[in-house]
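Before any questions on binding or motion, here is one chain by itself as structure tokens, the form predicted on its own.
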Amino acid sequence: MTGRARVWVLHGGVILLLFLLQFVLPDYHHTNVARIMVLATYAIGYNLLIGYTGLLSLGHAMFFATGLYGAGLPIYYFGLHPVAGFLLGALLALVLAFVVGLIVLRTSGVAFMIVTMMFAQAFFLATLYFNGVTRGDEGLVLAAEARRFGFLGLDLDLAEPATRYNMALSLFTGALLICLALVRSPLGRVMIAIRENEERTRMLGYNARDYKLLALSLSGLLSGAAGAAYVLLFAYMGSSFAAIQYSILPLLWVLLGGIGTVIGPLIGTALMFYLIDKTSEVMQSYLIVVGAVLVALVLFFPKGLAGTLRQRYARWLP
């Protein structure tokens, strides 16, 4: 089997496995896997930037929360159709990523990381300042009626577990396939070239800044789509999703799963999610255990699980 065929078999198999899992998972894990798929979409968006373009951002919570509020607030206050809300949230995140990118891409390295974090903190403080609209950390919950709608002749209820799971799977599948096609395209090769040696890429005639802006915009779009889907599928939006924690989490998910790998964000998100979930059940100081496991994984799998697997055994992994 050729490397190209292996790639499609592997990723198609992952999607098929996720589809079949919904028929055997108990209710608790059924909801958890749906949540993991949405968050993994967020991680895929983040991985496009850090894993394939080499830009370390600490401001991605801003894009996730833009999708969250951009979809959730119009639905909550004005009764906007959920599909229109999802598209609006994703579009607003795309526009914000493009505008912010015009500014932050004037910097590089540590300065880029700090400036993105400053923008995200300003966004977070804005969600607290406009407490009358967002309810701050308390947040808002979408009514059940707002999550029932008709679309293409189908009557959908996003509170129904099977519908919620398959919507999350559709979102994740779309993001995975986009990422897979992108990184294997000429555009993806230029992004990787920028990551490896930006100066040499410029010497070859490519405008590195334009490509980085495009990568940041696409990353913001996927992150915003994940945020919009989150509020629609799980009915809650709050300022905590704009906090620095939600900029650090996708970084951890990508590092654990395998930076610069297509399947890595899903592996890292699932591992981190269940690591926190299980350890928090048995002890209050669960972050100590989580930290110890993270250190061990970094020591023994320095390129993440999928990244180390690619380095040692499967060079064909994208």
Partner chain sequence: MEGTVTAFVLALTALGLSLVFGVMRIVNVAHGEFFMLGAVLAWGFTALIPELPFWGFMLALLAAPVCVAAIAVIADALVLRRLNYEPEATIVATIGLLYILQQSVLTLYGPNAQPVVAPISFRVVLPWFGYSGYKLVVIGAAALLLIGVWYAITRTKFGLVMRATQFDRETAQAFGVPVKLVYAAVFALGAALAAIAGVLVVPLQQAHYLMGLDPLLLSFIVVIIGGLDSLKGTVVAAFIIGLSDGIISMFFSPTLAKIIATLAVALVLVWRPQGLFGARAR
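The term rigid core refers to the maximal set of C-alpha atoms that superpose within 1.5 Å between the two forms. From a predicted model like this one, the values you see are computed outputs, not experimental measurements. Positions refer to the first chain, counted from 1.
Just so you know, the form predicted in complex with the partner chain exists too; it's not on screen, but the next bit is about it.
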{"query": "Residue (of Ala162, Ala84, Ala181, Ile114) lying close to the partner chain in the model of the complex, criterion heavy atoms within 4.5 Å", "finding": "Ile114"}
{"query": "Position in contact with the partner chain when the complex is considered in the model of the complex, options Val133, Leu177, Ala144, Ile103, heavy atoms within 4.5 Å", "finding": "Ile103"}
{"query": "Heavy atom of Phe23 within 4.5 Å of the partner chain in the model of the complex", "finding": "no"}
{"query": "Phe273 within 4.5 Å of the partner chain in the model of the complex, heavy atoms", "finding": "no"}
{"query": "Heavy atom of Leu17 within 4.5 Å of the partner chain in the model of the complex", "finding": "no"}
{"query": "Non-hydrogen atom contact Phe151 with the partner chain in the model of the complex at 4.5 angstroms", "finding": "no"}
{"query": "The partner chain in the model of the complex: contacting segment from 24-32, 274-282, 63-71, 250-258, heavy atom within 4.5 Å", "finding": "250-258"}
{"query": "Contact set, 284-308 vs the partner chain in the model of the complex - heavy atom within 4.5 angstroms", "finding": "Gln284, Ser285, Tyr286, Leu287, Ile288, Val290, Gly291, Ala292, Leu294, Val295, Val298, Leu299, Phe300"}
{"query": "Flag for Ile276, CA shift 2 Å or larger between the shown form and the other one after aligning core", "finding": "no"}
{"query": "Change in CA distance between Leu294 and Ile244 in the model of the complex, which is 3 Å or more, as closer or farther", "finding": "closer"}
